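Starting off, we have a lone chain in the form predicted on its own, written out as structure tokens.
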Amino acid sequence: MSDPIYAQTWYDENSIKPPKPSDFSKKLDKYDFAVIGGGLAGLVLSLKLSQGGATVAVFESKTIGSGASGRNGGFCSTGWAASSIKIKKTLGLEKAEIFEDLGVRGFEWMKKQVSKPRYQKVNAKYGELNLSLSNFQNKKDESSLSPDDLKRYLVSSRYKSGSINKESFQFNPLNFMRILMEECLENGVHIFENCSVLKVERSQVINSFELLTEKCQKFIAEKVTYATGGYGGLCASELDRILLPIKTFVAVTDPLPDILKKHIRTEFMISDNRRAGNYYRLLDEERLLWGMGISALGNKSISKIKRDAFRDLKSHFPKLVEEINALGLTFQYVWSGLMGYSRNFLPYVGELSPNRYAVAGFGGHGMNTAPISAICLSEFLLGNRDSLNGFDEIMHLPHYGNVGKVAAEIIYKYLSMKDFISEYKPIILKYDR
């Protein structure tokens, strides 16, 4: 497929067989809940609601895992898309502490899931190397790494310091989604794939909604939740005004035996602390998964993403790129994905209007935050009216359509420039004297 948003990924060819979705002929006359969007948030919400005794139907416009939840870099750690400073400024100290704790709880939930025997095929591996392009100051603790320490892990003159987080883990996100889908089905959730919802309106059935799908199927549900993330939809106008679809890009190399591990000597997943930095890790067959950049404007072709990936990789590992080129190797897989970003980088979790809810907008840090947000919303919908206290101070501001996209792109470029200045500040100061 030529559109990189739906291009074939490495995961598509290296993951377990997906379970069979629900049959339309077996749909119920009425559901307690309809969940629009079968990403991580939608499936966790559905699973928890079903385990609480509710009848649930999930509507996915493509297939489970075809969106951001199944085509991301496969990193899981604590935290939110917004920084701790931003969260404290937005929510205040007391609420920020509650909110940050949710990010930790989400990570612990994911960690517990991947440790279950049935999730063995997500191939979870623990350990993250977080790098800095700024000069090394002093060794703060045993996890801090000097330039000399870094040589044990990789060969790159661009990185100046780093640290190790032994709790974070990498995994196959598409396998995770397919196993989670299987768990949902076993718990009675009805999952309808390739089933876009075109319209949601009040039903003639009292206190219910009627959902019309593109296949002209009609469904009745008492409550509706939108879990559509950056892929949006035609029926969540409130979310469309709040969340911007932001693209991110991933590339996977040909197998690089006898090459890759000379330059990247660790099985840890790797990221850097720039505002729009890189994230990468080793895959099977000594392949390199390389994640990079975000964009709010335009559509990059697959060839353009591939060129950008080579240029980006070369700026960090020039010798590695030389060897790749000498052998005529390339990036075999290239794709992009869509994330839902709000202006303050915080999600929308809660009510849109009576009996209509949303759990969306995790901004590229969703593998821990999406599940805990879904769990909190499920508890609220099942009767715990305090479970959304961590989200009730979040203000949701409009992004003003194309103006918002331009503004987001400008902010991204501005942050990239700050990263550049921070990295080369010592050199700039030297030549200013």
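Residue numbers here begin at 1 and follow the sequence given. Nothing here was measured: the structure is a model prediction, and the numbers come from that model.
In what follows, reference is made to the form predicted together with a small molecule, a form of this protein that is not presented.
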query	finding
Site check Leu154, Phe176 and Ser271: each within 4.5 Å of the small molecule in the predicted complex by heavy atom	no
Contacting member of Met339, Leu320, Ala221, Ala309, with respect to the small molecule in the predicted complex [4.5 Å, heavy atom]	Met339
Partner-proximal stretch of 113-121, 296-304, 330-338, 144-152 relative to the small molecule in the predicted complex, 4.5 angstroms, heavy atom	330-338
Proximity of Gly67 to the small molecule in the predicted complex, heavy atoms at 4.5 Å	yes
Contact of Val56 with the small molecule in the predicted complex (heavy atom, 4.5 Å)	no
Gly390, heavy atom within 4.5 angstroms of the small molecule in the predicted complex	no
Partner contact for Gly106 in the predicted complex: the small molecule, 4.5 angstroms, heavy atom	no
